[in-house]
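In the block that follows, a single chain appears as structure tokens, in the form predicted alone.
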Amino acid sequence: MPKKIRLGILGGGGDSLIGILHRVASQINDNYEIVGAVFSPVYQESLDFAKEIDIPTNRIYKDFDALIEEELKLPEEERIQVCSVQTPNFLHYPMAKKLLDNGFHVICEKPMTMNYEEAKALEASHQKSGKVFALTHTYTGYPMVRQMREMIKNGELGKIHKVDARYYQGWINPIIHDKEKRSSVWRLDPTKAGISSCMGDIGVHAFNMVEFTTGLRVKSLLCDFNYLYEDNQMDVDGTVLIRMDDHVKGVIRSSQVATGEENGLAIAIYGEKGAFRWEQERPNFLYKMSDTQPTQIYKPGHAYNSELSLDGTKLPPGHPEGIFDSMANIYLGAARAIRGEHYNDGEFPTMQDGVRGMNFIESTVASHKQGNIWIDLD
């Protein structure tokens, strides 16, 4: 067994949901060891959190710059190899760029940057660095999403005709509808979240799912946003019409004011031979539909699944796997890339996915602001 990869953490402290998701995921396949971190902008809080989760405090740094400076003083065989960036959006680009420029691999939360210009600049730094960059579009790690991708690649649906993807949430409703709260939360602050809230936070997951599963690229889009309140600059609901390769058309729907919804990411892909439907809240069921045959249900762990799907399955059939396992599969793929091992190109989203995501987000904003017109993606 190779030595564990030395992992650094940026953000994700306290009661952060995304923090525990990343930490558990990094441990599931025994590939990583957390050796250094800046969990919080407040140094004492970082120290306290490290003690709480039983991590040595000798490499808990006062800030990000100190982490870079001190780690580079260590022998290469001791220093952090890869850093996981789990901070609010506005810190993703400066942190990821400095990490790449100083020879560290990067695992980064989405959206990758605040805007498309930053995404292209980060892409240039990545190409120059020669390091691994993994973007945590977590849902691509689900075995049945990977199964869908491989079956579509093998022609199971024939020519694709239409795609329908959505991501509906309702948990943020109390914040959006409270004037004081919506003016203070970072997700609705364009200086910290970027130019989009709803589409930038969750709609981009649906966009990524469309391109990941179909292997097609969105060529152009037309977007209509809803803001609800005059004092809120950020979209909280949106619908996007998309045109893809080979005359394929579809829709991406995203909402943070879908009352009663939890994490309603779902995708349906319709082709000449059949269709697939998958829902994140029921991730172990992939439905294959047909006009002439009964609906088939694919489930994880069975021998009929693809190699990529089975590689992401850790338990025998009938034992549910979930979001921690999905994120763990991304960390597993990144570990293989960091070690220079062979890996499937569907094992983790890359820099290119991040650039595409920012191009999508920025184009949706441009489409809405210019009067709901069609915008071409690069």
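Each residue number is its position in the shown sequence, starting from 1. Keep in mind that this is a model prediction, so the values were computed, not measured. So that the term is clear: the rigid core is the largest set of C-alpha atoms that superpose within 1.5 Å between two forms.
Another form, the form predicted together with another copy of the chain, is not on view; read the next lines as being about it.
Judged by heavy atoms and a 4.5 Å cut-off, are Leu228, Asp353 and Phe360 together in contact with another copy of the chain in the model of the complex? Looking in the model of the complex, the three residues Leu228, Asp353 and Phe360 all sit within 4.5 Å of another copy of the chain (heavy atoms).
Let me know the one among Val185, Met289, Leu91, Leu72 whose heavy atoms come within 4.5 Å of another copy of the chain in the model of the complex, would you? Contact with another copy of the chain in the model of the complex is made by Met289 alone.
Can you pick out, from Arg79, His161, Lys181, Lys192, the residue that has a heavy atom within 4.5 Å of another copy of the chain in the model of the complex? Contact check passes for His161.
Can Ala25 be called a contact residue for another copy of the chain in the model of the complex at 4.5 Å between heavy atoms? Ala25: yes, in contact with another copy of the chain in the model of the complex.
Lys98 near another copy of the chain in the model of the complex, any heavy atom under 4.5 Å? Flag for Lys98 set to no.
Is there a heavy atom of Met148 lying 4.5 Å or less from a heavy atom of another copy of the chain in the model of the complex? Residue-level check for Met148: no, no contact with another copy of the chain.
Hey, in the model of the complex, is Ile152 touching another copy of the chain, heavy atoms inside 4.5 Å? Result no; Ile152 lies far from another copy of the chain in the model of the complex.
Neighbours of another copy of the chain in the model of the complex among 293-310 [non-hydrogen atom within 4.5 angstroms]: Contacts from 293-310: Gln293, Pro294, Thr295, Gln296, Ile297, Tyr298, Lys299, His302, Tyr304, Glu307, Leu308.
Is the shift of Asn232 between the shown form and the other one large enough to count as movement, that is, does its C-alpha move by 2 Å or more after the core is superposed? Asn232: C-alpha displaced by 2 Å or more between the shown form and the other one.
Rigid-core frame, C-alpha of Arg23, shift of 2 angstroms or more between the shown form and the other one: No, the C-alpha position differs by under 2 Å between the shown form and the other one.
CA of Arg187, rigid core aligned, shift of 2 Å or more between the shown form and the other one: Superposed on the core, Arg187 moves its C-alpha 2 Å or more between the shown form and the other one.
Work out the direction of the Cα-Cα change for Thr364 and Trp278 in the model of the complex: closer or farther than in this form? It's 3 angstroms or more. Relative to this form, farther apart in the model of the complex.
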